[in-house]
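The chain that follows stands alone, in the form predicted on its own, written as structure tokens.
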Amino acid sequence: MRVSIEQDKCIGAGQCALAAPEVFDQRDEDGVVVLLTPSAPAGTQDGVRHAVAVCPAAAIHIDVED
């Protein structure tokens, strides 16, 4: 699963960092999402899907690999 973000759309709600802390973090200064890895590690896919579903800015995208 490939993950991408649009930092310019992020409003810093932090739901992604709560849902998948192995994949997402937030900048200290403004709370904007930081992508820790563009490839979701095994065992984090459900959290990443949840992050996509709850992101209020629709700033997170996933591409499921075959």
Partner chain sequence: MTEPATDVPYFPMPRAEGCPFDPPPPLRTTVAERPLSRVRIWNGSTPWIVTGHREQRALLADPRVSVDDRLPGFPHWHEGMAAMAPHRPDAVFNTDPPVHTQHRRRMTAPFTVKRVQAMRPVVQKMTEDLLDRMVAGPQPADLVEALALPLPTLMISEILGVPYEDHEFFQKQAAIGIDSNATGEAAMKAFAAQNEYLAGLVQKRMAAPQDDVVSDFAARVNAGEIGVAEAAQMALGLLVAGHETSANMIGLGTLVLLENPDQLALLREADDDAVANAVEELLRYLGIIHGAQRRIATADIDIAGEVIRAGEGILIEFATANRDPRTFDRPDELDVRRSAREHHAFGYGAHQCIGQQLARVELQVVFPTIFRRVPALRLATTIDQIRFKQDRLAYGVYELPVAW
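Everything numeric in this text was worked out from a predicted model, so none of it was measured. Numbering follows the first chain given and starts at 1.
Although not depicted, the form predicted in complex with the partner chain is the subject of the following passage.
Though the partner is left out of this view, residue 40 does not reach within 4.5 Å of the partner chain in the predicted complex, counting heavy atoms only. Residue contact with the partner chain in the predicted complex: residue 20 places no heavy atom within 4.5 Å of it. Taking the partner from elsewhere, residue 63 is found to have every heavy atom lying beyond 4.5 Å of the partner chain in the predicted complex. For residue 7, a non-hydrogen atom is located within 4.5 Å of the partner chain in the predicted complex, even though that partner is not displayed. In sequence order, 17, 18, 25, 26, 27, 28, 29, 30, 31, 32 are the residues of 17-46 having a heavy atom within 4.5 Å of the partner chain in the predicted complex; the partner itself is omitted from this view.
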